[in-house]
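Quick setup: one chain, the form predicted alone, written in structure tokens, and binding and motion questions come after.
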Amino acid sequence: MKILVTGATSGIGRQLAIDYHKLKNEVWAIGRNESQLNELESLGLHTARVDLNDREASLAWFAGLTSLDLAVLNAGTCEYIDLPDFDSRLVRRVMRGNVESMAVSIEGVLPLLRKGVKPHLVGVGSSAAYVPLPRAEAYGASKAAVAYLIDALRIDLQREGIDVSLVSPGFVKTPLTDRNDFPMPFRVTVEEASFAIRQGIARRRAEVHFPRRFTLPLKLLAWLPRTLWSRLAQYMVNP
């Protein structure tokens, strides 16, 4: 398969790119970390330094590819809000890093997927989109937007024969989550995350969520009335 992975210089994206390459796929790994890209290139992957916040340059790079069978749009960021200081610039950074960059990626890969074999578009969101969480006003909102974007594309692209999947991970041990200053229940390794994602992609699941001992309870909690969940969440933060 011809596979593209964005955000491939760290965490889940890096592991996915390496694992797909080991399975004898032709993998394009893109990101912004030059040293990590050089390391991936030394392993035999195709690499490119692409800043998805630069729409014109990104689209010009995508236009240089011929076709894709699978595009895993994984690039993203995370920042938390600490009240009483609500920083709209932080919200803008997170939305740009998670939503706008994915939109640019989608614009770039769709023409390539239309030329691919059994094309598959995969967007990496987060289980944080299931329920409102403390300090996650920006991050959760951005991932909720990603989920809606991917779910809507699944409807519109069905007629073209392009499968669309949403990945909703729980906590995964990455350089990004290593900065977190709160408990992360059931955190999994990037190797475990890559395996779960690749299994879900192979089965063409509409949503790939893991670890289920974490994501399934969150899905159930999402059915609670908003007022009840708010009280429960406040108790969890301030027991």
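Because the structure is predicted, anything quoted here is derived from the model rather than measured. Residues carry their position along the shown sequence, with the first being 1.
There is another form of the same protein, the form predicted together with a small molecule; it is not shown, and what comes next is about it.
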Quiz item: Which residue among R205, R32, R55, R198 has a heavy atom within 4.5 angstroms of the small molecule in the predicted bound form?
Solution: R32
Quiz item: Which among 71-79, 84-92, 150-158, 107-115 is in contact with the small molecule in the predicted bound form, heavy atoms within 4.5 angstroms?
Solution: 71-79
Quiz item: Is L45 close enough to the small molecule in the predicted bound form to count, meaning some heavy atom within 4.5 Å?
Solution: no
Practice problem: Check whether S126 has any heavy atom within 4.5 Å of a heavy atom of the small molecule in the predicted bound form, and answer yes or no. | Solution: yes
Practice problem: Classify L4 as contacting or not contacting the small molecule in the predicted bound form by the rule of any non-hydrogen atom within 4.5 angstroms, answering yes or no. | Solution: no
Quiz item: With the cut-off set at 4.5 Å between non-hydrogen atoms, does T174 touch the small molecule in the predicted bound form?
Solution: yes
